[in-house]
Structures are given as C-alpha cells and as structure tokens.
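First comes one chain, alone, set out as structure tokens in the form predicted on its own.
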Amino acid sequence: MLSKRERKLIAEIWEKLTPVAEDIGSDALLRMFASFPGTKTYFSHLDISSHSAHLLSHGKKIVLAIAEGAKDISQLTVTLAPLQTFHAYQLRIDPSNFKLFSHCMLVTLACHMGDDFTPVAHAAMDKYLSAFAAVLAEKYR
C-alpha cells in the first residue's frame, strides 16, 4: 500500500512532529469535537476545553502512538495490538471515530506543516492514517 519512499517520508514527518505532539494532538481532537460533536461522549469525564491538561495529555498520547507506528509500518498490527484491545473491549469506542479523527489529523497537519505538507506528503499520510485507523478497528470484527 505504501511505497518505500512514502514510508520513509511518513517516518521523517512524525519524527519532526514528536516534539510538538501535545499541540498537534490536541488541535486534531478539538477539530474532531467541533466537526463531529458525538465524539465528545467518550470524553465526558475529562476537561476537553482548549489547552486543558486532559486534552494536551491525550493528544500527545495519540500523536506518540501514530509516530511509533510510523517507525515500522510493516509491524503496525503488532505495534497497535494493545491499543486495539483497549479501545475495543475497555473503552468501546465506535470504530468509525478512528476515521473521523484521521481526517481531522490530516487537516491539522496541513495547517501545522504549511508548504511542507506537499501533495505527496498528504497522499502518503492519508494512506498511513487510513491504515492506522483500520488496524485499530480490527478487533471489532
């Protein structure tokens, strides 16, 4: 699904973004909550207002998981196995939310990266985030 060049590009992008994981993750979550209000139900026990500690912390966790998966995309299922189980069996997250978040992450990356988010980077990241969301949703089948 991803070429060698795309895999390298994705790994490089996430390596650069790891230092600002809180900002990117929280921005993507805020976008998702604003665009798809039903997704907030899973966070009703947390303060998900802009710049809250909960939002920054969860956003960082998400970005770091995405970045970790990008290091070796061929092992994505193995890397995400604990998160698959946690989201499916304990949190019981609607798997369609993973796709919604992926879309919001693409928009966030475009805003954050500006001209560095080239059409090639966009296409590669879209493929990767789609694969990431699909792997997270595998336990639901």
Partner chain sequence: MVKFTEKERSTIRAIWEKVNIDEVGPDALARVLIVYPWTERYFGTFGDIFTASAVLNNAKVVAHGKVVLKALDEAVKNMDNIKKTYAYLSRLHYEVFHVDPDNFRLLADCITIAIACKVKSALDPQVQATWKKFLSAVVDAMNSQYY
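Numbering follows the first chain given and starts at 1. Computed from a predicted structure; not experimentally measured.
One more form of this protein, predicted together with the partner chain, exists but is not displayed; see below.
*Asks:* In the model of the complex, which of the stretches 96 to 104, 79 to 87, 41 to 49, 58 to 66 has residues with heavy atoms within 4.5 Å of the partner chain?
*Replies:* Only one stretch passes the 4.5 Å heavy-atom test: 96 to 104.
*Asks:* I'd like to know whether R31 contacts the partner chain in the model of the complex, with contact meaning heavy atoms within 4.5 angstroms.
*Replies:* Answer yes; at least one heavy atom of R31 falls within 4.5 Å of the partner chain in the model of the complex.
*Asks:* Does the 4.5 Å heavy atom contact test between A53 and the partner chain in the model of the complex come out positive?
*Replies:* Because no heavy atom of A53 falls inside 4.5 Å of the partner chain in the model of the complex, the answer is no.
*Asks:* Indicate whether the partner chain has at least one heavy atom within 4.5 Å of a heavy atom of S74 in the model of the complex.
*Replies:* So S74 does not count as contacting the partner chain.
*Asks:* Given that the partner is absent here, does V120 sit within 4.5 Å of the partner chain in the model of the complex, heavy atoms only?
*Replies:* Close contact exists here: in the model of the complex, V120 approaches the partner chain to within 4.5 Å, heavy atoms only.
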